[in-house]
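For reference, the chain that follows is the form predicted alone, supplied as structure tokens.
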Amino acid sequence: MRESWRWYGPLDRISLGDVAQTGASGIVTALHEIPYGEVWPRDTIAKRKADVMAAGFDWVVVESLPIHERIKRNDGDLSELFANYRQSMANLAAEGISTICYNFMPLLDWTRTDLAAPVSRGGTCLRFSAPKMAALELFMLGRGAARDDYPADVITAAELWFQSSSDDDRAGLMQSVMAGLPGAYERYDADRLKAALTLYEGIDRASLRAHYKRFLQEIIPAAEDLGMRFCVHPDDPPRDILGLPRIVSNAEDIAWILDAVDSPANGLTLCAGSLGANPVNDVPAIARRFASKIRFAHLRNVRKEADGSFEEAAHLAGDTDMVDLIAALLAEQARRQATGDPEWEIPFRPDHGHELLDDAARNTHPGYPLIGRMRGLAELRGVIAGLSYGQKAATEATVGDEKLATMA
């Protein structure tokens, strides 16, 4: 598996020199400074690639080439947006970059209510509090329909939090929810978020699926022609929020997406944390079911709570059996390698680490500290090394037994 690291380019407070000291060899990045819907110029891509290579890395995955909200809403004449998207793909392919991670989450990217929740032995983590999210929806945005989306005890806790919260608490909650948006774009306040939500009125799960299928039909044939691989990132959290449907949240959703346009170019980013936040998901089983379609992996862990809340755990300490998951990915790599697949290696990156030691002083993008992710990478590296040694020993033992049987 290819050790990789997400780097936000010129926006990142972690330098490529810092990343080099983690031991990672691949960089996962994007042109976050370019507004959604505009073409990524080839010369800008080439410059970013040159910066990455000059520091001793390969640019292994684009994360992500964002999808304009109008495409998600199927809003008006989309021909220019689709043409721009395909041109950006062509420009990436021309620079030898062939794997694109993307998501189809309406309006928001990953969503958390707390960016610095305390961890028991020190440090902080990202957290999603169901009561705080309910408070935002019900009492800050006035979305009365949200009462149907939360259990009664969560609504009671939400009202208690709201009544005891200060203006600063509420502003902090809004800032946390907005923090998942990548790049240097302006975030919404409550009024602007309410206005943005009105643009999705009438778009339910079935219609959003239809819009997504149109996107795939417009883009995947071009990806095939260019020799590219697209891999969708699951929803985070894997549940409807703000009245917006989430349609990449479980195995059934993934199967629908991969069947919607059946192509080697239509694949999956296996995000252990996003899928792991849904109680119905067996993440290692999902990895085995869709193994041949996995082109990229995000390895992180979460600890779930009964009310729908969850928080980021240490990489080997959450609800998902990370060792079993990595074993599934290594088995798929071995299968690909045995069949002569030139793209046998699966790039992965440690995701959403805890802020540890002096991480907080760096003020990095939330969820992307240096030391916390380096700890995660070291832990994952150890698991991979141990499992790989076991695979090698088992193979050598089998070969030895076969030779003995032949001699006998």
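Since the structure is predicted, the reported quantities are computational estimates derived from the model, not experimental observations. All residue numbers are counted from 1 along the displayed sequence.
This next part talks about the form predicted together with a small molecule, which is not shown.
Participant: Among the candidate residues I326, A135, V302, M105, which is the single one with a non-hydrogen atom no more than 4.5 Å from the small molecule in the predicted complex?
Facilitator: Exactly one listed residue reaches within 4.5 Å, namely M105.
Participant: State the residue from E159, D225, D307, D109 whose non-hydrogen atoms include one within 4.5 Å of the small molecule in the predicted complex.
Facilitator: Filtering the options by heavy-atom distance leaves D109.
Participant: Within 4.5 angstroms, counting heavy atoms, which one of the listed stretches 330 to 338, 257 to 265, 198 to 206, 97 to 105 is next to the small molecule in the predicted complex?
Facilitator: Residues of 97 to 105 come within 4.5 Å of the partner.
Participant: Heavy atoms within 4.5 Å of the small molecule in the predicted complex: does H233 have any?
Facilitator: Yes, contact at 4.5 Å.
Participant: Spell out, yes or no, whether the shortest heavy atom distance between T364 and the small molecule in the predicted complex is within 4.5 Å.
Facilitator: Looking in the predicted complex, residue contacts with the small molecule do not include T364, since no heavy atom lies within 4.5 Å.
Participant: Though only this chain appears here, would Y368 touch the small molecule in the predicted complex if you measure heavy atom gaps against 4.5 Å?
Facilitator: Output for Y368 is yes: heavy atoms within 4.5 Å of the small molecule.
Participant: Do D351 and the small molecule share at least one heavy atom pair within 4.5 Å in the predicted complex?
Facilitator: Yes - in the predicted complex, heavy atoms of D351 and the small molecule come within 4.5 Å of each other.
Participant: If you check in the predicted complex, do R6, S64 and H298 all have a non-hydrogen atom within 4.5 Å of the small molecule?
Facilitator: Judged in the predicted complex, R6, S64 and H298 all sit within 4.5 Å of the small molecule.
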